[in-house]
Structure formats: C-alpha cells, structure tokens
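Coming up is one lone chain in structure tokens, specifically the form predicted on its own.
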C-alpha cells in the first residue's frame, strides 16, 4: 500500500502540534516516525490511520494502484498502540471472535489458535484477559491488528511492555508485512528504528 502525505498539520484548539509534514511511503517499506516526547508522533500516526482529521494538508492511499476511499480505509489498516482498549471481561478467544465480527468476518477455533500462537500467547486459557500481564495484553493488540491481514500496518510504540521474546515476534511481523504490504511505526526505540528503511522526525511547533 502506498501512502502520500502532503503538507499535513494538526492543531488542537489553537495550539499547533506540528505543521507542513510531507512524505511518501511505498509498498514494501518499514517507515519510522520519530521525535521527542510530545512532538506529535502518535498524533500523526492516528491521522494516517484515519482516527484523527488533519487541520491542514491531505493524505492519499493507493492499494494495487487503485485509490482507497477514506470511508473504506479501516478495511486496509491494522493498528497497534498500548492505549487501545481490550474487552477485559472476555477471554482471549472471545475477544478475537468479537473483533472478527466487528470487521464482518467469520472465524473458527483453529484460526483463533493460529493467531494466538503467532504472537506467542497460550491457546488454552479460558480466563478473562484482565488477568493477563501488560505484555500479554500488548500481544493481544497485535492479534487484532493482523486479524484481517491488512496491507498497511500502523504501530505506535509496538514493543511497549514486551520482553525480548515479544520484541522478536514484533520484528518478525515487520518483515512479514513488509514482504506484502507497508509498515509505519511511531517510536523512539533504537532497535525499532534499526528495522526501518527510512524515518521522518516530527518536531513540535
């Protein structure tokens, strides 16, 4: 998937977060967004994902050389961030089934187990995920992002709360999705940055 950002800016009320950001990300790239804390990395990633509207500028998306309409963008994107809400009263499998239904997908037990195995989570736990560690919950967020095998994977601090095994899983996913799509991540982690083909630094206004 190709992403083109043209002179993107963002304000909250009258306060400018950043302005005039332009870049092009091609299919097959891992593209990094870096910058100091508070510079707007996460805000820019949310704009790319269609979760926020830019105050100025525009973004264009192309998949298989066809423009992606804004109202269909969610179908093409997988999003991971430490702050994304989980249904903590449900089990891991119940969460996956629910998210699949929200995407209009049907999913069976074998598919659910493959997803859990892919991120290194146990497949036989029936307890509510409120009992999971922070690292296990972050792995669950990875499941939701890759559930529909999107051509554009957006990652906000993807190794947050993860141990070395979890980090290795994230970097494996980066390579898998680079091979058939595009990855954009917001991070200041040196190892994350080392896995990027290119980076852009966001500076607060």
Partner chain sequence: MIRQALAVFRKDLASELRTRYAINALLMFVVVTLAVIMFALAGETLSPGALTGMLWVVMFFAAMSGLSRSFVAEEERGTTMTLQLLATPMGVYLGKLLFNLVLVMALNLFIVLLFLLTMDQFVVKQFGLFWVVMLLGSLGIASATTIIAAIIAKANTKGTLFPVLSFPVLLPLLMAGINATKIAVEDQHWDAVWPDLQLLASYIVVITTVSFLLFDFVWKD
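Computed from a predicted structure; not experimentally measured. Positions refer to the first chain, counted from 1.
Not on display, but discussed next: the form predicted together with its partner chain.
Going by heavy atoms within 4.5 Å, which of 173-181, 32-40, 159-167, 50-58 lines up against its partner chain in the predicted complex? Residues of 50-58 come within 4.5 Å of the partner.
10, 77 and 102: each with a heavy atom within 4.5 Å of its partner chain in the predicted complex? All of them do, each having a heavy atom within 4.5 Å of the partner.
Is there a non-hydrogen atom of residue 106 within 4.5 angstroms of a non-hydrogen atom of its partner chain in the predicted complex? Heavy-atom contact with its partner chain at 4.5 Å: present for residue 106.
My question is simply whether residue 117 lines the interface with its partner chain in the predicted complex - judged by any non-hydrogen atom within 4.5 Å. Taking the distances in the predicted complex, the answer for residue 117 is no, it never comes within 4.5 Å of its partner chain.
Using a 4.5 Å heavy atom cut-off, state whether residue 124 contacts its partner chain in the predicted complex. Taking the distances in the predicted complex, the answer for residue 124 is no, it never comes within 4.5 Å of its partner chain.
Look up in the predicted complex whether residue 139 has a non-hydrogen atom within 4.5 angstroms of its partner chain, and give yes or no. No, residue 139 stays farther than 4.5 Å from its partner chain in the predicted complex.
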